[in-house]
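What follows is a pair of forms of the same protein chain, given separately as structure tokens and numbered structure 1 and structure 2.
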Structure 1
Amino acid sequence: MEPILLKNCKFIVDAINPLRKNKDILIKDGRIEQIGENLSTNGFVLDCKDCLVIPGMINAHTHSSMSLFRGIAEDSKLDEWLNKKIWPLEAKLNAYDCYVGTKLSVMEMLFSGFTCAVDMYFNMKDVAKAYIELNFRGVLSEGLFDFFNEEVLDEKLKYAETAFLDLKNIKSELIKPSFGPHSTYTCSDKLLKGIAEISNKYNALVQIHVAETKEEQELCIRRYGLREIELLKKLGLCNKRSILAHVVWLSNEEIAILKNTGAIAVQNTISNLKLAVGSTCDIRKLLNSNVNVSLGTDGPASNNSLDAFEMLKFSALFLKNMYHDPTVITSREIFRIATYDSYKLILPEINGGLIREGYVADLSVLNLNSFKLKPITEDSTHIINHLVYSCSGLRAKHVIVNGKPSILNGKLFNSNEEGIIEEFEKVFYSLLNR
């Protein structure tokens, strides 16, 4: 792998370190080898004198193939949306469709500041292919449910393990295989317990939807006499390897379990507002309770964009409104959650989310000439304010993931935007006519 030198970076900003100015960043073997002055390399040199370098962000919950369903049925009730529009189309999806839908989403995520996504869907081997092709990091899991049909239990558990091993066998540094039982209302307790056991065997992450709606909690209580987090704990699915998406409707007892087990609570503000589940995950309360917190966009059919900066803005603003207090969360806290905290929680085996020597080289390089970043001062807080409050839709100039270029000079390095869009449209129209 050729070294990359980010030359004369005007500003380097992360959520913890002081602002650095006019420094070079030398990237080698996937890591930040050195940050200094007058560095040189026989590798690739990128002039960054008009640029701001920031750590990449993690999208801790999405379903990237669902770009194929973006905008086709909005402003409707969840059950109508699922039954009449999404599920009939989803039933026709093949592996190639998922690969192509994912490419569009990964492109969108890369341009907007993400360098990794936690993604649950179907045909994940083909999804992984898209991630690797565009040089994007993925924590991938095959979505799983049994709809409480005991007859399919063994088959489903076997399928889950096979799908996991398929991802593991790709042996890519970019792909972290995980398990994806959909939720407590689509998976039986036996299936969930089975997944807990297999995931323990592989020491693997498990992603699951939890407490997105009040109704879902009520159903769980009727079925098991337990709230969702209590059930998951009992089944062995509430620990440091558990990525719990949504967690909107939590009791104080459930929050205490999250704290004690170290499970990761993923806020999905935009999706929660759009699907009108009644609120969004209160990360202020969770942070104050020492719960591990991360942020996600949810899928492109329920957001509908996969924009990291927009995610930060909605997340911060919703909390300010919820507490009727503009000081309740700072831009730096939100930015830290999406970068350093998320890397630490979701990819603890690599040091990431900060721009420090020895840390993994997952970086976004932004052109400081955008009006979205004006005015600017040599104050990292001012710069982070822009990232959180005025950068929705900003396109990164360069993106480096695992030390390799994903975007260079505003263009995909390993593919081309027009080609991906053309392929995507072809698949979409064929899907409509199937």
Structure 2
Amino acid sequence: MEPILLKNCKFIVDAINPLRKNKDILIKDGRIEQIGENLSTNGFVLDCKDCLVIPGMINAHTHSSMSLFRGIAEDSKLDEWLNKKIWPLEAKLNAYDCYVGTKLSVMEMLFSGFTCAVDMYFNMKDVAKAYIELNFRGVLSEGLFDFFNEEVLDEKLKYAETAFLDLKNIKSELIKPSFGPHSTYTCSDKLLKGIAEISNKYNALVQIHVAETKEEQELCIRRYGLREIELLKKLGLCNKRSILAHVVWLSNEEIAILKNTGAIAVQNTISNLKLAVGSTCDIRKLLNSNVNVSLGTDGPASNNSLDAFEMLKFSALFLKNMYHDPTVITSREIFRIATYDSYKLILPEINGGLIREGYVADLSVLNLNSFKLKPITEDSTHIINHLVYSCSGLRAKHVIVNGKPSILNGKLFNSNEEGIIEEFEKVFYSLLNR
């Protein structure tokens, strides 16, 4: 792995360390080896004198292949969106579709400041191929349903384990396999319990949609006499390896369970607003209750953007509006959740989310000459304010993931942006005509 030197970085900012100015960052063997002045290397040297360097962010919930459905299933309630629009289209998907759709999404995420995504969908070996080709981290899981059909239970459990092992056997530092039962309303309690047992066997993360709508909670209560978090705890799926997407409608008792089990709650504000579920995950209340939280975009069909900075902004603004209080959460808190906190929770096996010697080199380099970053002062809070409130649509100049370049000088390092878009359009029209 060739060393990389980020030379003369104008500003280096993360959520915890003090602002650093006019420093070099030397990257070797996937990690930040040294931060200082007048450093040198025989590898890549990138002039960053007009640049801001920040840690990469984690998109803690998405479905990257669903870029193929962006904009064609709109203005619908969740049950109609799934049953009448999305699921019929998904029935036509093949592995190559998922690969191409993922490449477009990964490209968008890289340019917007993400260096990792937690991704649940189908044909995940092909999704992983796209992640690796573009040098992007993925916590990947094959989406799983049984729709309460006991006849397919054993088949689904075997399939889940096989899909997990297929991802594990890729043996890439970029890919972390996980399990992905879709929800309590598409998966039986027997399937969920089986996934809990298999995930415990491999000490693996589990992704699942939880309490996205009030109706979802009510259905769970009618079926089991329990709220969703209560059910998941009973089945062994609420623990520190659980990544619970949405969690909008929670009782105080469920919040206490999240605190006591260490499960990760993922807020998806933009998707919640679009589907008009009535609120979003109240991460202020969860943080005050010592619950682990992270942020996600949801998929590109239900957001419809995979923009990290837009995610930060909507998260902060919705909470302020919810509480009628502009002080309820700060830009630094939101930025910390998407960077340091998310790396600590989702990728605890590596040190990430900060720009510090010894930490993994997952970094985004932004051009300070962008009008979105003006005016600028030598104040880290001012700079983080810009990142949260001003930078939607900003494209990174360089992106480093696992110590390797993903984007250099505004262009994909391992692929061609125009080629990805051209192939994506071919696949999209082919899918529509099937």
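Only residues modelled in both forms are compared. Just so we're on the same page, rigid core means the largest C-alpha set that superposes within 1.5 Å between forms. This structure is a prediction, so every number in the text was calculated from the model and none was measured. Just so we're on the same page, residue numbers count up from 1 along structure 1's sequence.
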> Given structures 1 and 2, which represents the form predicted on its own?
Replying inline: 2
>> Please list the stretches that shift between the two structures, defined as three or more consecutive residues with CA displacements of 2 Å or more after core superposition.
In response: 76-85
